[in-house]
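Shown next as structure tokens: one chain only, the form predicted alone.
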């Protein structure tokens, strides 16, 4: 896996994927995070999360959750088990502080093209395929709300060459424009649909440009995190990673 870090953004190239993400904190410290985590030679995890609250405490809790995700993947890389273990370990600490975290965990197998999704109270991913956008139907309770994780389980589907997946935090769809209008999921879906054929970095930049057009420079109260991943080669074609 080749990962490039530029300021608060990251670019992934490997596993027949290209990924691009960024996190824009509303203040000096943010509670959002995203990661590209190599699992083995054939698969990679993509995770996005949002810790309740803002400021230093949210940033500290976010960093703890970020480290725990890596540790849970190292112990048992099954996506559902990662979230269950994370809820056991990180959820306990969050509850002690009266907090919780939403999280969506994806695992992409670059050999088979299989994408596995586990959701913990987060906005579900958008899938762009052949010019059509659909919302992945995967749900679960946020990390720290219950002692045991409860959700729809690990949802699996297969991606083809050119398919793209968009992950985001609520700061994007709840961003306010003039007259307290919200950006919303429907506008995001329309913009994503227009990105058919674009690469991951271009998709990310075009979505952020549309968000900027919508908000017209109005200062936002929540962090905005956006991750786009796109299949660049057919499943099984792993040469050159």
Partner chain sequence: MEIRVRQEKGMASLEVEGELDFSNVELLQREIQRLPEEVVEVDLQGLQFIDSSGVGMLLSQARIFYKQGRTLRIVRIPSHIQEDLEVIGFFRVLEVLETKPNA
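Residue numbers count along the first chain shown, from 1. These figures come from a predicted structure and were not determined experimentally.
Below, we refer to the form predicted in complex with its partner chain, which is not included among the displayed structures.
- The partner is absent here, but in the model of the complex a heavy atom of 150, alone among 154, 89, 150, 111, sits within 4.5 Å of its partner chain.
- 174 is the sole member of 199, 174, 35, 210 with a non-hydrogen atom within 4.5 Å of its partner chain in the model of the complex.
- For the chain shown alone, residue 64 is not a contact residue for its partner chain in the model of the complex, no non-hydrogen atom being within 4.5 angstroms.
- Among residues of the shown chain, residue 141 is one whose heavy atoms approach its partner chain to within 4.5 Å in the model of the complex.
- Residue contact with its partner chain in the model of the complex: residue 52 places a heavy atom within 4.5 Å of it.
- The closest non-hydrogen atom of residue 78 lies beyond 4.5 Å of its partner chain in the model of the complex.
- The candidate stretches are 128-136, 69-77, 91-99, 159-167, and the one lying within 4.5 Å of its partner chain in the model of the complex by heavy atoms is 91-99.
- Annotation for 113-131: interface residues with its partner chain in the model of the complex are 121, 122, 123 [heavy atom within 4.5 Å].
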